[in-house]
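So this first bit is one chain, no partners, the form predicted alone, shown in structure tokens.
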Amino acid sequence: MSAVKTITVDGTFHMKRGAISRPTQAYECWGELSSAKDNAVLIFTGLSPSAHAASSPADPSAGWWEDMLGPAKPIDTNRYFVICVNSLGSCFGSTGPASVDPDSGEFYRLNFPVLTVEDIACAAGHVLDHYGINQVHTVLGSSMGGMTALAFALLHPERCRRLVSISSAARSLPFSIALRSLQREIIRKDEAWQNGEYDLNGHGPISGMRLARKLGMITYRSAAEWAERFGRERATDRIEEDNGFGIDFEVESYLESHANRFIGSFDANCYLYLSRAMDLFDAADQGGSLSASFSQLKLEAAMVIGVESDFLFPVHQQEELALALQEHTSSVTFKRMASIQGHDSFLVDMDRFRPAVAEFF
């Protein structure tokens, strides 16, 4: 059972650095659209999630933001019509490198154009067109989704009343670019990647994806959480290896488990494209500086949330974003969270994040 819906964009979809024909945009929705069509909330995801943010009668399985979205929850589907889109370039229903090019009949693979966050934002606009929604009540996103939400507000200022950016930024810092660059290189150095020509129904670059995911998991959490959660506990399910370098510690077992669940569920080429899109994004590109870019916004209100233990998107980046928004938006709220779960706090520290989001809505 699936709640995923799709639309097909007619004709040519022009991207920032290329074009594709008749792309598919996947999404899920909850709640009812008001007769005035003024209660829509648009959610953009991080790099790896699908559009399944929450359960529904059509798909009762828990979503990646289950505690945040639903009836009587902070994003209340009794009040709002909520749309969560799967990013263009991903592998959960939207067109991406793992999709078939309708013009050639072949998989796009590395022939897919360079993907940008702006492309993801513009593709989502077609879902709003499908429902006849001229303006969304709120656009929000976390991590890469926060970048995409900001891009949407900049590219379509008339279509966006309010903005929520969580653990995101106006641009990527050299540190996070370096980390993602290494992840991409790890995947591309796997012999099974075959310059992107691996069997899409086979195993692909399993080793590269495992290692890239492990590195990603390390960046998503914090050293303080590792210490509190695992300490120096020894693994109870130690994996023995002939060379004597198997898993000794619980933190190693944790990374191994997450990596194994990830491989096979996410396409390697899609991962490469989305990862690079995050690095390429800079909100200042819209006007030459953040101030000039943000002068185009027509927001009534915005909320920016940062986490003190996030070293992938440090909290000073959220402060910078909030200050830049304040120049051109009358009501801007900045929330500085003391969560120890690092970048992933918005997924797990619901005691802090639920009240903040509920207050804004």
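This structure is a prediction, so every number in the text was calculated from the model and none was measured. Heads up: residue numbers just count along the shown sequence, starting at 1.
The next section is about a form of this same protein that is not shown, the form predicted in complex with a further copy of the same chain.
Chemist: Name the stretch, out of 133 to 141, 192 to 200, 154 to 162, 99 to 107, where some heavy atom lies within 4.5 Å of a further copy of the same chain in the predicted bound form.
Modeler: Going by heavy atoms within 4.5 Å, the stretch is 192 to 200.
Chemist: Consider D76 of the chain shown here, and say whether it contacts a further copy of the same chain in the predicted bound form, taking contact as heavy atoms within 4.5 Å.
Modeler: Judged by the heavy-atom cut-off of 4.5 Å, D76 is well away from a further copy of the same chain in the predicted bound form.
Chemist: Considering only heavy atoms, tell me if R261 and a further copy of the same chain come within 4.5 Å of each other in the predicted bound form.
Modeler: R261: no, not in contact with a further copy of the same chain in the predicted bound form.
Chemist: Find out whether any non-hydrogen atom of E252 is located within 4.5 angstroms of a further copy of the same chain in the predicted bound form, and reply yes or no.
Modeler: Residue-level check for E252: yes, a contact with a further copy of the same chain.
Chemist: Is E118 one of the residues lying within 4.5 Å of a further copy of the same chain in the predicted bound form, judged by heavy atom distances?
Modeler: Residue-level check for E118: no, no contact with a further copy of the same chain.
Chemist: Each of L211, L215 and A223 near a further copy of the same chain in the predicted bound form, meaning some heavy atom within 4.5 Å?
Modeler: The answer is yes; L211, L215 and A223 each reach a further copy of the same chain.
Chemist: For the stretch 180 to 195, which residues lie within 4.5 Å of a further copy of the same chain in the predicted bound form by non-hydrogen atom distance?
Modeler: Those in contact are S181, L182, R184, E185, I186, R188, K189, E191, W193, N195.
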